[in-house]
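Starting off, we have a lone chain in the form predicted alone, written out as structure tokens.
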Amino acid sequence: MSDFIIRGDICTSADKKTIQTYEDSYAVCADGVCKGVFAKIPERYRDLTVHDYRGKLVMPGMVDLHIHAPQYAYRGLGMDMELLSWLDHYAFPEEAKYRDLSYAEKAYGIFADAVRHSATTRMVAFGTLHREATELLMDKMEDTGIVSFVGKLNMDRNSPDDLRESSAEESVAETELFLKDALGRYRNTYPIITPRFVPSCTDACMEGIGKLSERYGVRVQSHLSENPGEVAWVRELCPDTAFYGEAYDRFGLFGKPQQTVMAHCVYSSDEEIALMKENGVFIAHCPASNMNVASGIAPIRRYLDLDLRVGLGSDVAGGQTESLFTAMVEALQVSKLYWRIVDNSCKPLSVDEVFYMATKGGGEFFGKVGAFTEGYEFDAIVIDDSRLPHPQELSTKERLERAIYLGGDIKALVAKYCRGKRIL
């Protein structure tokens, strides 16, 4: 059913600086689209079924702009190295296992079940370079009811023998087969071009997948300026580029012609930031992994003040959990450290801003998503914060803030809707 009304204490972003709350109000969904929030049910919607969540918090579903599905199997392990060593010792050996479809079936089944029971309703996910396993991941994501972009990785250099495509030609050909298999096959699941990062892709590979992105109209995801060692490596590999982002942009993989999301952007230069803004590149802020693999703190205050497009990513398994509530808290915390230790002109983020990033900010990658605004696709989660008992009188916004900090998505999630369909 895609025509109904949700009753509850409704929270949504009016803009990036303001959470709007509506106590005991009604959010109307018709044909999977939000028709607005009302203090009383309008006469024209009187015949719709009301899902009654009085006393509970109702908010847009969470949007995860960056997660590695094959790494979910070892989340919470191996956080004792910096990025490049961590990839060699943990990420690459795990991802090589997905050439075995029986392993992929088991591991992706666990991943899909976990995200189905999370607060996430939209996701941009990395698979591995294995086409068949990535198509299996897409099948499982479709079954969750979550809307997702899923990518088959491109890796034709600087990778282990058992996790490297034999040539740029093979990498591009397998990607095209992946696109042909996936496009139009699902209702909620879409392919996305996914060069792992510049060090793992030759120029010939990047040129080929850039042409595929344009030919098939497929979006792009990758990593950008995450770690000092990585940035220096890209400078060595691409001496004819002025900055990391240019190594994507010259092949049409940086926001034009197709929408692009880049994870991290911890060390982006002024020139790189200017090009991200010009091209409308989305930034996936991943505070947990930036801490866990000792990359640094991204200057998110600066990006927001410059009106760049910013959302949140869990970045499992660099991040230890798929919880976007946890990511919101970590974004708040690292912004305070950035202000105190790095640049005291960059004031810390607010709850309003990280909530925006987790919903409407990241949701823009999917279109009109992430808010209870008329015309937006209807994604919602319901939190029963009575499961987080307290003695004081709190406003709806205070209850929301408290639920975010206390893990309400884990302890108190009672319902989840995506595109007007209840999926949990």
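In case it trips you up, residue 1 is the first one in the sequence shown, and so on. Since the model is a prediction, treat every value here as computed from it, not as a measurement.
The following text describes the form predicted together with a further copy of the same chain, which does not appear among the structures shown.
Contact annotation for Ile110: at least one heavy atom lies within 4.5 Å of a further copy of the same chain in the predicted bound form. Using a 4.5 angstroms threshold between heavy atoms, Gly184 stays clear of a further copy of the same chain in the predicted bound form.
Mapping the unseen interface onto this chain, Trp233 falls outside it, with no heavy atom inside 4.5 Å of a further copy of the same chain in the predicted bound form.
With a 4.5 Å cutoff on heavy atoms, Phe251 does not count as touching a further copy of the same chain in the predicted bound form; it lies far away. For the candidate set Pro199, Gly145, Gly78, Gly208, a heavy atom within 4.5 Å of a further copy of the same chain in the predicted bound form is found for exactly one residue, namely Gly78.
Note on the partner interface in the predicted bound form: the residue among Ser350, Thr241, Ser167, Ser269 having a heavy atom within 4.5 angstroms of a further copy of the same chain is Ser350. Residues Asn290, Leu337 and Arg340 are all found to lie within 4.5 Å of a further copy of the same chain in the predicted bound form, as judged by heavy atom distances. Exactly one of the stretches 242-250, 320-328, 188-196, 127-135 approaches a further copy of the same chain in the predicted bound form with heavy atoms within 4.5 Å, and it is 320-328. Residues of 383-400 lying near a further copy of the same chain in the predicted bound form, listed in sequence order, are Leu388, Pro389, His390, Pro391, Gln392, Leu394, Glu398, the criterion being any heavy atom within 4.5 Å.
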